[in-house]
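Single chain ahead, written as structure tokens, the form predicted on its own.
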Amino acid sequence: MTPISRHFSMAIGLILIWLFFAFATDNFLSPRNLTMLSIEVAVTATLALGMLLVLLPGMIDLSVGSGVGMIGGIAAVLIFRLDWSAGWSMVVGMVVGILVWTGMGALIAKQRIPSFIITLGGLLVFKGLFWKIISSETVPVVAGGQENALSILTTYYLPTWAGSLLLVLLLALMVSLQWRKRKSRARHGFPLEPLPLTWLKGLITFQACLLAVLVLNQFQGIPLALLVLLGVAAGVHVLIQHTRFGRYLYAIGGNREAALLSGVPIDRVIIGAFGALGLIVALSGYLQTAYSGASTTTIGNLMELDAIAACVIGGTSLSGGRGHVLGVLIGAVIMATLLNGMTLMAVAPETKFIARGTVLALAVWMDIRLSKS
């Protein structure tokens, strides 16, 4: 199955899931719920995009969920217990994320310790540190009703006119990028995608964006969290598709020995991938903590599984060498939709666990089947 056909099949599957919840609940398609769903997607997808960076070279990280809680907790404690400014508190959290994950990447690359083991240890260590940082208590993200740079991540919405302007800018950007891509491929003699197919993909993408803007504007507008996701998605896409570092990630995951013989600096690339993941974990921690309204001991629970599932559903291979930003975004929407829909249906927590585990198992099975085909 080609990436294009896989993305179309995932989109069809997502539509079927939405139709099911639309008929099974009364308010799944309401502007308010879809706005809340968009924020949930932003949290899941942002973390999943970070996971993509380490899955591409054949690594994995089981500690990101605990890291989300820990770094969100660091920022919350600095702001509301030590009276730091929200901006500097978030900068400190991002620095901690980059340093800690760079350190884990160095252990994995330099000491040849399996990423599964190192990050499994990180899961436990970060969870314990998180509980110590917040003293196993609830730390709010808003004090005295005053918003701050942390809390507005999930409470600020763009004005209607700004959302419409953003749609126009995105359309112009998509057309420009597609035109430059076709010109570049033609100049180098590479085969070109059929023009009707390119237009069809662009039309579908534009219609989806237009529908999203219209629906979100019926509630309060486009949430700031979605802009954070767009920024991360754009950055990761450019990194893995248009830089030497990104080509190295694919090369290591595709064939590590061949990459080594080709002169790829494997250790530095792996360390860099984990360092970038640390930055994204920090951003995800701020989004999740802000969305929850407080830093509590349950923040980040099992988020690593949702991130991995989103990547695998989106076509990322667990053995490395295959993955794309668009697929990860669709996979994240599927995972967030399932959780949102089950919540609206008042599904019992134990059933939610079963559903999430089943989706993850099916995604891995699908990955294995596609790898053999």
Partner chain sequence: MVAALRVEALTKRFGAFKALDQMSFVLEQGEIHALCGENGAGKSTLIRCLSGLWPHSSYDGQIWVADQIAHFSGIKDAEKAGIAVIYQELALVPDMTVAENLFLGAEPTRWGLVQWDPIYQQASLLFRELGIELDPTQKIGELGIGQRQLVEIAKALMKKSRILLLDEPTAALTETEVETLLRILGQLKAHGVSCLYISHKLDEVLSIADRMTVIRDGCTIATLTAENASKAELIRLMVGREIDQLFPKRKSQVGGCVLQVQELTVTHPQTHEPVIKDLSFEVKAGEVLGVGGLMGAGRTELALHLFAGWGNRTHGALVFCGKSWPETDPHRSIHAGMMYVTEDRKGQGLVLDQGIGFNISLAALDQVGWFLDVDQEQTINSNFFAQLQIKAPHLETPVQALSGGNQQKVVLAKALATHPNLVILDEPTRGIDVGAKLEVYALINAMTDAGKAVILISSELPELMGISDRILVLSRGRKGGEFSASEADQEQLLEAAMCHA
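Computed from a predicted model, the values in this text were never measured in an experiment. Residue numbers count along the first chain shown, from 1.
Beyond what is shown, the protein has a form predicted together with its partner chain; the following relates to that form.
Comment: its partner chain is not present in this chain, but in the model of the complex one of 103, 272, 221, 254 has a heavy atom within 4.5 Å of it, namely 254. A heavy atom within 4.5 Å of its partner chain in the model of the complex is found for exactly one of 301, 138, 198, 184: 184. Under a 4.5 angstroms non-hydrogen atom cutoff, its partner chain in the model of the complex lacks residue 231 among its neighbouring residues.
Of the heavy atoms in residue 128, none are within 4.5 Å of its partner chain in the model of the complex. Although the partner is absent here, residue 132 sits far enough away that none of its heavy atoms falls within 4.5 Å of its partner chain in the model of the complex. Although the partner is absent here, residue 178 lies well away from its partner chain in the model of the complex, with no heavy atom inside 4.5 Å. The stretch that touches its partner chain in the model of the complex, counting heavy atoms within 4.5 Å, is 241 to 249, out of 241 to 249, 213 to 221, 282 to 290, 168 to 176. Residues 261, 262, 263, 264, 265, 268 are the members of 261 to 275 with a non-hydrogen atom no more than 4.5 angstroms from its partner chain in the model of the complex.
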